[in-house]
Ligand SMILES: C[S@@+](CC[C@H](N)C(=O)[O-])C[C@H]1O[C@@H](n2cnc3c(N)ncnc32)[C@H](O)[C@@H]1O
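Quick setup: one chain, the form predicted on its own, written in structure tokens, and binding and motion questions come after.
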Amino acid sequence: MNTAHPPGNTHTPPGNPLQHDATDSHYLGQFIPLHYHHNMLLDDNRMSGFKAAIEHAVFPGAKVLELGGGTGVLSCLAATKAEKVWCVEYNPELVAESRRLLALNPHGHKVEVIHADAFEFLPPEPVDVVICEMIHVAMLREKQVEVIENFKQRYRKKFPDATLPLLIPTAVIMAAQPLQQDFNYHGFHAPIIQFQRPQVMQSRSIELAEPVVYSTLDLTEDSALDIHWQGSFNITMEGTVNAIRFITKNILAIDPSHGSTIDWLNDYLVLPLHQPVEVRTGDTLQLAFAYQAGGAIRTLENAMRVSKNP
């Protein structure tokens, strides 16, 4: 792979700072295939939201840190205004790829690609904005919450007099919704975990109740890794609840001047229930679960418990 890059935009710490086993659950989600990162560049929903948030938050002359840089695209967007961007990436394949791609872009020379662990690296000076896109539906699988919490603690210790940087994203809103999901595929019955594009008609899904918010994380405040909820839905249609849809809305930036937010809605996650529940209009469906941010998807699937109140 071509790793050519302009002088001055790369840094690899002496020795090998990456002593962790890539299979360790601590790094779950870090080594997704390169083509997946390429596909993210094609995701207009994701790209347009982050571009708008970065254009809003990054001012001329700003110092920016990106944790988990991937292909370097968000760092490059920040570099159009920023004076300096540190782009931290743990996966050596992506380090090489981001350096290659940044070299092809006009502002790439302002981005220093750091081959390091986001749980350990701190910039040499205070920064104005931190970008961290390690986001999965329901905050599962990837380590967004853990990385941000770890960063804030270490940053305050290193720069006690500095204001905490602006975070992109700044908050996360998560909701759940009961579904009657068609799990039959050409005569093959397969209740499987699946993803759905938002704002697209889902012909296999029947929504049996409105979504209910179960957690709101303000990433500027202390956020616990443990997420648990016990709540209810008012059933609006007769059917069989055999799956729960999880919805995750990321507040990338807040624009107080317009009283609005810049958002990114993740793909929906649909988890099948082990025990479907027959419901009628007017029933109350109880749902309870507990999981840890960054955990495997199966941990949430296995934790779900449903019951019905007539």
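From a predicted model like this one, the values you see are computed outputs, not experimental measurements. Numbers for residues come from their place in the sequence shown, where the first is 1.
As for the form predicted together with the ligand, it is not shown, yet the points below apply to it.
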**Prompt:** Only one of 281-289, 265-273, 32-40, 248-256 gets a heavy atom within 4.5 Å of the ligand in the model of the complex; which is it?
**Reply:** 32-40
**Item:** Partner contact for F151 in the model of the complex: the ligand, 4.5 angstroms, heavy atom
**Value:** no
**Request:** Find out whether any non-hydrogen atom of L94 is located within 4.5 angstroms of the ligand in the model of the complex, and reply yes or no.
**Result:** yes
**Prompt:** Is F233 close enough to the ligand in the model of the complex to count, meaning some heavy atom within 4.5 Å?
**Reply:** no
**Asked** E112 near the ligand in the model of the complex, any heavy atom under 4.5 Å?
**Response** no
**in the model of the complex, the residue from A175, A103, M134, I227 that sits within 4.5 Å of the ligand by heavy atoms** = M134
**Prompt:** Since exactly one of L167, L122, A116, V212 fits, which has a heavy atom within 4.5 Å of the ligand in the model of the complex?
**Reply:** A116
**Prompt:** Across 78-108, which residues bring a heavy atom to within 4.5 Å of the ligand in the model of the complex?
**Reply:** V88, E89, Y90, N91, L94
